[in-house]
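Next up is one chain by itself, shown in structure tokens, the form predicted on its own.
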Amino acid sequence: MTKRQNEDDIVRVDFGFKRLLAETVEGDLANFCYQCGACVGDCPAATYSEEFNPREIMLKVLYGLEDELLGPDSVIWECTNCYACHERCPQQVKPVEIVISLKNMLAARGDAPDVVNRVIHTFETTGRTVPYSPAIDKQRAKFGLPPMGEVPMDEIQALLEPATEGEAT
């Protein structure tokens, strides 16, 4: 005899969200995840966070749980983009690329945390993710590196311009 499931217990796959994610860089690889958990092994975010778990994120991606992935205070911002999950994945799913795509979706909606918005603004105005300081060149000199060069802001601005209809992206 089977127990009848409560309607709230049923997870419905959101194929629209899955298609949207599949259109992003490497987003279509999510369908190859078979939930082995290898991505969690060396993940620094999973080690130091009670909430962050790349396997659980991939499961939510597989189900198309957009609201849980792209809601306010999303756990995806805890990912350090270290690529350990990519290196461990036997299916070459590249979970970090999926997380980056999710972060980009949130940022495009204007739902990035303030600290991320500051980094984005700094990059858009200076071409760097950290504001320049003479201390940077001093530190670089200790390692025998040359001073920081000029950033080609015209090239960066061209890359940041939205693609027009019919233009290759």
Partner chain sequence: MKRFAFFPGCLIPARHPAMEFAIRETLPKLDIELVDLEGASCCPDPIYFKSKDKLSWLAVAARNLCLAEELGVDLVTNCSGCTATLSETYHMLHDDPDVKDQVNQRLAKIGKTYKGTSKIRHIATVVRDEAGYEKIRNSVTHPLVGLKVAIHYGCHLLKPSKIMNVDNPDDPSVLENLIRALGAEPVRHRNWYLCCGKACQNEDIPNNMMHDLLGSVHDEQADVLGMICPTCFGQFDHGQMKIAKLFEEDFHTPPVYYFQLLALAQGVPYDQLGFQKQRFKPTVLQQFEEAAAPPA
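Under this definition, the rigid core comprises the largest set of C-alpha atoms superposing within 1.5 Å between the forms. Residue numbers count along the first chain shown, from 1. Just so it is clear, the model here is predicted, and its values are computed rather than measured.
The discussion below concerns the form predicted together with its partner chain, not included here.
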{"property": "All of E78, E150 and P162 with a heavy atom within 4.5 Å of its partner chain in the predicted bound form", "result": "yes"}
{"property": "Any non-hydrogen atom of A22 within 4.5 angstroms of its partner chain in the predicted bound form", "result": "no"}
{"property": "Partner proximity in the predicted bound form: Y34 to its partner chain, non-hydrogen atom cutoff 4.5 Å", "result": "no"}
{"property": "Its partner chain contact in the predicted bound form: A45, any heavy atom under 4.5 Å", "result": "yes"}
{"property": "Partner contact for L59 in the predicted bound form: its partner chain, 4.5 angstroms, heavy atom", "result": "no"}
{"property": "Stretch 132 to 149: residues contacting its partner chain in the predicted bound form, 4.5 Å heavy atom cut-off", "result": "I136, Q139, R140, F143, L145, M148"}
{"property": "C-alpha of R109 moved at least 2 Å between this form and the one not shown on rigid core", "result": "no"}
{"property": "Flag for G37, CA shift 2 Å or larger between this form and the one not shown after aligning core", "result": "no"}
{"property": "Threshold 2 Å Cα movement between this form and the one not shown for E68, core superposed", "result": "no"}
